[in-house]
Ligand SMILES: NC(=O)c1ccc[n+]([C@@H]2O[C@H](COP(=O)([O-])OP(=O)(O)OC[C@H]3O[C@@H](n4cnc5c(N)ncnc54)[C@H](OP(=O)(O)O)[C@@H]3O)[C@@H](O)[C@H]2O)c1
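Below you will find one chain, with nothing else, as structure tokens; this is the form predicted on its own, and questions on how it binds or moves follow later.
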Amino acid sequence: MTPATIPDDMLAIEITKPGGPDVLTPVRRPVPRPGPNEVLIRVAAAGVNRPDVLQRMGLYPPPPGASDLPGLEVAGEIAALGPSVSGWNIGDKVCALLPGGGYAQFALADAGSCLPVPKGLSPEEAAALPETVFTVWANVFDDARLQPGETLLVHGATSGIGVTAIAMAKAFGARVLATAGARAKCDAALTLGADAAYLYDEEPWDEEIAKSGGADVVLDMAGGDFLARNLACLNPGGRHVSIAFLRGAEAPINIFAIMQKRLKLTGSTMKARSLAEKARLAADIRTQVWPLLESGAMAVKIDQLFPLADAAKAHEHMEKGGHIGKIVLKAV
């Protein structure tokens, strides 16, 4: 494949205005051209993530300079190289973390945010990896330093982040506790490898976890009223990592509990990290996580595939909340 085969325009999914799934509209857009240290990817598949929904609603704008199109992860084939790109060639099969622009037939990615498609995985499986794997690796392993034999508590166990956190933590030898909003989802979490699963609105999960040995790391997407309960079940020296706040962005904190157990509270968003930081994470993921995928020690869980033109239906499916694993758009 050469740059000469790249068409002038492409199918893309545009957010016409903030609103519901119906504002996601198929349009024709010019194919972007790669700048310095960028690659142009002919997209085979793109992952759907909760931040895409927030962007569609007008609550999570793309960073300055990024595409206005939604989509934070893709898999496909490199179609063109920008100036100063090294280590990649036209025709390479890659998946990539993006600041936006993934809901399209072509997408730009920083060369440092690309990874080879793991051996044995389909493009759809590879497209389900970057956003969740980068997020879990950066927060659970790089920041919170989860160790083999320790216990991870993850909320929203059957979301894309949740299933990835379970798979990665188990592959690295940790014990995993999970919460979910329905019994079927708790059962799915157990099937995916969680050691225990709790109904977060019906069971005293914080008390049960504290009695069963506690947690060393909490990956929290809930915030709000969950924060105090998370801190209560953390062991001395425990680490609490916030990556979303579906139950509210504010919560009271018992400072004495933090002091008494020497707890560490942190959090992050992936969009705000620099390209250099993402490249560092990508290098670690390639050496630490990719071998687990290629050996079968860690699997990808896809809930449902949708054609790119049906992105609105994919968002409707996500917002119903019944999915288990990743929702993926097929661009070809």
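Keep in mind that what you see is a predicted model, and the values were worked out from it rather than measured. Sequential numbering from 1, following the sequence displayed.
Below: the form predicted in complex with the named molecule, not depicted.
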property	result
Segment assignment from 44-52, 297-305, 62-70, 276-284: heavy atom within 4.5 Å of the named molecule in the model of the complex	44-52
Triple contact flag 135, 161 and 181 to the named molecule in the model of the complex, non-hydrogen atom at 4.5 angstroms	yes
Contact residue in the model of the complex, chosen from 90, 232, 246, 258 - any heavy atom within 4.5 Å of the named molecule	246
Distance check, residue 19 to the named molecule in the model of the complex, heavy atom within 4.5 Å	no
The named molecule contact at residue 10 in the model of the complex, heavy atom, 4.5 Å	no
Residue contact check: residue 318 to the named molecule in the model of the complex, 4.5 Å heavy atom	yes
4.5 angstroms heavy atom contact with the named molecule in the model of the complex for residue 226	yes
In the model of the complex: members of 264-278 within 4.5 Å of the named molecule, any heavy atom	268, 269, 270
